[in-house]
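The chain below stands alone, shown as structure tokens; this is the form predicted on its own.
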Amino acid sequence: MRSARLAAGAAAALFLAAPLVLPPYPLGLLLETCLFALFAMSLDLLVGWAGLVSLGHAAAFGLGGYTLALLTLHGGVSLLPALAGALLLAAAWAALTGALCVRGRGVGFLMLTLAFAQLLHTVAYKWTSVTGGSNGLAGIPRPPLALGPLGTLPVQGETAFYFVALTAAAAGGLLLHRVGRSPVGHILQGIRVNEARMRALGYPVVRYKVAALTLAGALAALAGALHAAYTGYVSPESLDWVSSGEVLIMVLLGGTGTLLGPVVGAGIFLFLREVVSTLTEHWMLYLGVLFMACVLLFPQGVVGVLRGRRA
């Protein structure tokens, strides 16, 4: 326990000190890693705790991005209310579609989540007057962060927005950690292990599943909204099945049910996509080999293997 706390403290110190030592490009990569780590951790709540393997989780990520884009581009809304709007809309979407998706199990649930996400993708692709169609929405502003009586915090700079992303990822991770350790987290794990038994014990399984989907959708929307604010762009690709598949790979690669695993998986995936891809166009081959090795040789993921060796 002590070594884990020391490692967590050292990691926190490194993340906080990163803007002091890293040039702009690696810092931007680290910023994106924070956002995709939050995205992957939200999916881990479904996969690792509740046993809900979703192939439509990017719908909430993209919905968050589009909501922030429309509110800031056309509504002149500042960053904090725009983020709140993105969270609420995505949470409502996740709750409504989740209530229908949980009627299916296994492959049925997976296909229903995929269908709803592709439905949203089609709307974004076809509703050109609002979403920009296949071109997406560009020039998304990054308004200052209004903190009420404390004033406003400008976040246009790379370093300032890095701390916004880091804070969001840390807060999301802490929230999920608390949920995982709470009675709700234990009930979700019980549903994953033996759903029929939990039903027999009188637990409202459907409600717990929908609650998990709603929380995961809200956190994914937060990541998507911040990503749109950072890049200044959002497109239908942000909510299609490829994005859902990529975040699922991050979770499985790092290790499910660990929270730290999705962070590691997001880091590995972005390193391959953003760094290795500049050295070779066959970077996906390396990703494929690594993913197959993960599935066949260490299904518990990178973090699971490291924890196993330490134990």
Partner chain sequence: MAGMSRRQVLRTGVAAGVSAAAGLAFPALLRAQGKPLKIGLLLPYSKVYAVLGESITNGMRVVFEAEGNRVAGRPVELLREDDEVSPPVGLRKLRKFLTSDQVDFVVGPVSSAVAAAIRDPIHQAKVILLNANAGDNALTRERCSPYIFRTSFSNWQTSYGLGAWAKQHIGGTAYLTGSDYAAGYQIVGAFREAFVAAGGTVVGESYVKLGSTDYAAIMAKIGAVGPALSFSFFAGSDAVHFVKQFAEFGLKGKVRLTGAGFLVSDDVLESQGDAAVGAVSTLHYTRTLQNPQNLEFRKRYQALTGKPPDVYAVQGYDTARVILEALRRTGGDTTDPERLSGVIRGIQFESPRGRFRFDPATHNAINDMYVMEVRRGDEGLANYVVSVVKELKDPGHCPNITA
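Predicted model only: the values in this text are computed from it and were never measured. Positions refer to the first chain, counted from 1.
The form predicted together with the partner chain exists for this protein as well; it is not shown, and the discussion that follows is about that form.
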*Using a 4.5 Å cut on heavy atoms, which of P24, G288, G9, P299 is close to the partner chain in the model of the complex?*
P24
_Can you pick out, from V47, L55, V264, L29, the residue that has a heavy atom within 4.5 Å of the partner chain in the model of the complex?_
L29
*Report the stretch among 217-225, 132-140, 88-96, 181-189 that approaches the partner chain in the model of the complex to within 4.5 Å, counting heavy atoms only.*
132-140
*Is there a non-hydrogen atom of T231 within 4.5 angstroms of a non-hydrogen atom of the partner chain in the model of the complex?*
yes
*Using a 4.5 Å heavy atom cut-off, state whether R207 contacts the partner chain in the model of the complex.*
no
*Would Y125 count as touching the partner chain in the model of the complex under a 4.5 Å heavy atom rule?*
yes
*T72 within 4.5 Å of the partner chain in the model of the complex, heavy atoms*: no
*Within 4.5 Å of the partner chain in the model of the complex: residues from 154-174 (heavy atom criterion)*: E158
